[in-house]
Every structure is written in C-alpha cells, then in structure tokens.
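Coming up is one lone chain in structure tokens, specifically the form predicted on its own.
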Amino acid sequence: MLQQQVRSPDYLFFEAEKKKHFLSGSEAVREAIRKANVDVAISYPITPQSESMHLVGDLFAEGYVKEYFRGENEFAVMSSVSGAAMAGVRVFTATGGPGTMRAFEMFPVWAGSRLPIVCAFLTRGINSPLTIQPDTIEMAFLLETGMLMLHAETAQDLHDMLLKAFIVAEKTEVHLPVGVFADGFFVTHTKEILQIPDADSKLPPYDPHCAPVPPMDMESVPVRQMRDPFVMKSNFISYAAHASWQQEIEAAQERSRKHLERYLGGLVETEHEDAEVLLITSGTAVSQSREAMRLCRQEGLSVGLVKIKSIRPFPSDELRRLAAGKYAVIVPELNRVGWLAKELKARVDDPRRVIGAPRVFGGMTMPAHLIVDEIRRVLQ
C-alpha cells in the first residue's frame, strides 16, 4: 500500500495533479474509495454493482479501508452501515435495482438519523419478469427519502461525485446521506479515460463530533433512534416533534446546495442554453442528448442541452430560468414513468412546454436518433 498523506478536500478536488487512467465505472468507484479514507465498507453482491464492492474489498486487503465485510442481504447491509455511522465512522456501500428495493426501509432511517453515509446506486431495472439491464426507475422511489441524490453521466462523474459526497454529507449543517447514482452497465461496465489524482493522497478523516447529533458510544445514550417519549406517544407534542424533524431534513438538503454548487461547479451544466429547444436530462441520457443536439445543429435546428447533476436538492431556480421562453423543453429518460419530466413540470412556469419523451426502459438503449425524431416532431 502507498503511504497516503492527508490532504484538504480543496487540494484533492481542485489542485492535485491528475493523470489519465483507462477505467470502467466499477474501477472508478474503487479509485474514489481508495482516496476517501473510509473506515467501514459493507457489501452484498447484486448486478451490476457486484464488481465495484468486490474491488473495494481488494482495497481492504491492501490496507486502504479499515474494515470490510459482507452482509447477509441488502437490508442487513444498510442496517449495518447505519450502525457503523451511528458509532461515528465514515462508511460506504453500494447497491442497485432490486437490492435498493430490499433495503428501502433503511434509507429514510439514514436521513432521519442524520447519518452521512455515502452509497453508490448503480441502477438497473426492478420489474418482473426479471431484468438486469439499465433503468433509472429506482430513483423515482428514492426522491423523498431525505437523502441527497447526485446523478453521474460518466465514470469520471461517478469518481468525482463519490469523493465529494463524503465531504458534503459530513458538513455539520447538512449531515445527510448521499446517494451517487450511475446507470448500470452503460457506466459500470464501460471503460473511458479518467483524469484522477494519484493514490498517495486521501481525504481528512471524519470527525463525528461535528455531527448535529452525537455519535453513540459507551458514554452517549442512543438518541439518534429513540427520542422517547416522542416515539411512543400520541399527542400534539409527539406530532409536532416528528413534523419539525421532517422539515429539518428538508432544510438540511437545502443547506447542502451551496456546498454542492462549489464542489460540482454548479448543479447543472449547459450547452447552447439560448437555443429555442432545450434538452434537459441527467445520467447517461445526457450523452445521447449531446449527440442528438450535435446532429440537430448540423441541420440548422436551434437545440441546446442542460445536464442536471443534482436531483436532490433539485436545481429548481436554475431550470426555471433556463426553461423560460423556450419553444419546448424535451426530457429524455431511461425509465417508464418519466420522473424527471414530472419534477421539471412541477417547477417551471409553463409546464405545457415540457415534453416527457423519448423514454426507453426495460434495458433498451436510447439511440440519438430517437431524440432527434422527437425534436423534429415538436418543431413541425
């Protein structure tokens, strides 16, 4: 193992020399965790996530992760990382698809307990008949769990967002779990050139005493989970306590905005934002939309692109401004329900201009010509 030096987040994110590496998305997860100074990683295999946590296990063998083990199932994993985070250590795990569904009960618990857990969600279909193919429908289920949600377009995004997620999650005024989402197979099993710092640097360790709720140890009662008498009572005080706590989780999400804007360079990225038609999307649909935009602009069509990097907090103000006065806003998605289009329609001034199409699901790819055909249809 290399002798790692603790470096400031700003140094690792913005100042460290970066070198080219040809890596898959799963290997990008490994390289992020190699520099994240993780105390505990807990895993359970599920396609397409299995390789990433297997590689994190290799990091444990090399000494980069202090503790690593496999849980009995996804629910056990998410419960175990919850306990580890309550004890005041930095934790990481990953899941996807049906694993997300099996573990679902724990995600609101993470947020309600103010646990800065970072989880990579490497998404896949969850429908029956069974599919292991790419799909982002699980993100629709997670929108209101209280966690922060970042959506990676590429393996580069996945690496960078994971590393930055630990620092944002652990800010005292935030202290919420962060889900970093990447589209399974399209990102996890595809190689690309990444620019990443050497492994001789790592993030500063987590300081649990900066948490808004004290960690559990032999001197602190388990206040994160049981706020008796509020939990077991049925009276106004109990209702008010629970209501205010849910509002506090939402407020903490909003307080994360300034940190995400700084570390991610904004919650959105734009290309040709003054165009008549905007493609607004996230994840790998951004790559396909970028190609569709290129093809359309070759034909003389006025088309621009908005890449959404953060789903929670949602960049409402930015998207409302960008969508204002457009002839149409087209939202390509890799899921059946069109959750991103619904999010956008709820926030823009004229939702009638938002076109929730094209959508592909069940593991199908989204050829750029599908998006081009939708643009032509709208402009007819």
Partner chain sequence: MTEKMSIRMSGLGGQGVVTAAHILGMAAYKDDLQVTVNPFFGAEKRLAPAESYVRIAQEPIYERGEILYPSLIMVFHPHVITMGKSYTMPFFDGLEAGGTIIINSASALDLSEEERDNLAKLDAQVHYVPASEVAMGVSGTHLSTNIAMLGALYRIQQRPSLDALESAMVERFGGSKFVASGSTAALDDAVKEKFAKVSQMIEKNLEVIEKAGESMFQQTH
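Because the structure is a prediction, the values reported are computed rather than measured. Numbering follows the first chain given and starts at 1.
Below: the form predicted together with its partner chain, not depicted.
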*Can you check whether R255 is within 4.5 Å of its partner chain in the predicted complex, heavy atom basis?*
no
*State yes or no: in the predicted complex, is some non-hydrogen atom of H21 no more than 4.5 angstroms from a non-hydrogen atom of its partner chain?*
yes
*Is E144 close to its partner chain in the predicted complex, meaning a heavy atom pair under 4.5 Å apart or at it?*
no
*asked:* Under a 4.5 Å heavy atom criterion, is A241 part of the interface with its partner chain in the predicted complex?
replied: no
*Among 22 to 30, 310 to 318, 325 to 333, 342 to 350, which stretch sits within 4.5 Å of its partner chain in the predicted complex, heavy atoms only?*
22 to 30
*Using heavy atoms only and a 4.5 Å cut-off, determine which of S302, T270, T154, S201 is in contact with its partner chain in the predicted complex.*
T154
*May I ask whether P9, A165 and Y263 each come within 4.5 Å of its partner chain in the predicted complex, counting any non-hydrogen atom?*
no
*Does anything in 181 to 199 come within 4.5 Å of its partner chain in the predicted complex by heavy atoms, and if so which residues, in order?*
F185, F186, V187, H189, T190, K191, E192, I193
